[in-house]
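Presented as structure tokens, the chain that follows is alone, the form predicted on its own.
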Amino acid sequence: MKNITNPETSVAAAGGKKRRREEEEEVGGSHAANEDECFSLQDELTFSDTSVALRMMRAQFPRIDQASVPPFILQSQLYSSLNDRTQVDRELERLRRDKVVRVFKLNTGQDDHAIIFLDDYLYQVDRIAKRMEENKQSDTDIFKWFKEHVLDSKLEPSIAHHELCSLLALGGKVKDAHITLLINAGLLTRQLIDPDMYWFAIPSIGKLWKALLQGRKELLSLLKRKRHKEMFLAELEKRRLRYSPLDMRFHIRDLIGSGHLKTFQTTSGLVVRVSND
């Protein structure tokens, strides 16, 4: 992928720093940033630190009605936000080892990975356990064992069946029904190529990864219909997508980071163009 250039003007710098301070303070609260909040993606396109980029994008995660998915950041979006991919990989690995975030493989048929802050994910597990208990579901202790013994020690995106059972057994006697309950809750999925391996999963994300694929297709189609297959970023980010509840800014970051789009500066502003095939 070609390097992404971002204009550095005094106005953008002043406005960007102020917004970053304000949104960093709000990260610990509700993750649902107001979708109509006024900020320009051009001012917030790149960062110098992976942790700051993650927290900003978490705060800006689109508000989605009837969705219980915790805010997530695509690894491709991180690549669009920092010019050095090696730095991203190194800092992301450190955050993963420090149990700040978890990385999940998405079942999109592509090499997509989602990043979720661990506190957000644990809150999601607690919500599932509470709902199960309210529905008089038996064996709900498995969720506590899963949190305390599996998630706390197994930091990779996947886990083998025997290792999963061994870690769960630290909480109590493990039954086949326990594993089934975790799968049905959306916390685990079996790998197709090896049924003895599981991916750690994000509950209720199925509709969103389908929307992710549709949004990518729609955005690329929109640009390809334009002369020179390009638009000014300021104009493009105001457009609304028909087939994805994830907003335009979410998809722009994703496609820049994956190399499907590139940006370049003009005297009139930053331009987004479809990359050559």
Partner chain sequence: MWQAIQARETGRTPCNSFANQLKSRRISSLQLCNRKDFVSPHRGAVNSLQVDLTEGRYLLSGASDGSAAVFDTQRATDSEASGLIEKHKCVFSVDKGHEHGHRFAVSSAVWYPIDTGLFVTGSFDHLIKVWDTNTAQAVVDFKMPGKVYRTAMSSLAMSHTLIAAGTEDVQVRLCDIASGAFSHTLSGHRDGVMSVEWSTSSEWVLYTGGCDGAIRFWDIRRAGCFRVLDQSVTQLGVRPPILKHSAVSTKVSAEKSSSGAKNRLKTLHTRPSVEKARQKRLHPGMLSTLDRATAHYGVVTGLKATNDGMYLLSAGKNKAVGYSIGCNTLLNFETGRLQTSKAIQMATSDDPALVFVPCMKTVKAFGMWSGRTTLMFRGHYESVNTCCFNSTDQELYTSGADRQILVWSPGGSVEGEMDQDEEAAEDKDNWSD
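Computed from a prediction, not measured in an experiment: that's the story for all the values here. Positions refer to the first chain, counted from 1.
Although not depicted, the form predicted together with the partner chain is the subject of the following passage.
Enquirer: Should Tyr198 be counted as a contact of the partner chain in the model of the complex, where contact means heavy atoms within 4.5 Å?
Expert: Yes, Tyr198 sits close enough to the partner chain in the model of the complex that at least one of its heavy atoms falls within 4.5 Å.
Enquirer: Does Asn83 reach the partner chain in the model of the complex if we count a contact as any heavy atom within 4.5 Å?
Expert: Looking in the model of the complex, residue contacts with the partner chain include Asn83, since a heavy atom lies within 4.5 Å.
Enquirer: Using heavy atoms and a 4.5 Å limit, would one call His149 a contact residue for the partner chain in the model of the complex?
Expert: No, His149 sits far enough from the partner chain in the model of the complex that none of its heavy atoms falls within 4.5 Å.
Enquirer: Taking heavy atoms only, is Phe72 within 4.5 angstroms of the partner chain in the model of the complex?
Expert: So Phe72 does not count as contacting the partner chain.
Enquirer: Decide if the three candidate residues Arg63, Gly206 and Glu235 all line the partner chain in the model of the complex, where lining means a heavy atom within 4.5 Å.
Expert: No, the whole trio is out of contact, none within 4.5 Å by any heavy atom.
Enquirer: By the heavy atom within 4.5 Å rule, which residue out of Arg127, Arg90, Lys99, Lys144 makes contact with the partner chain in the model of the complex?
Expert: That would be Arg90.
Enquirer: Who in 249 to 267 is close to the partner chain in the model of the complex, meaning a heavy atom within 4.5 Å?
Expert: Result: Ser258, Gly259, His260.
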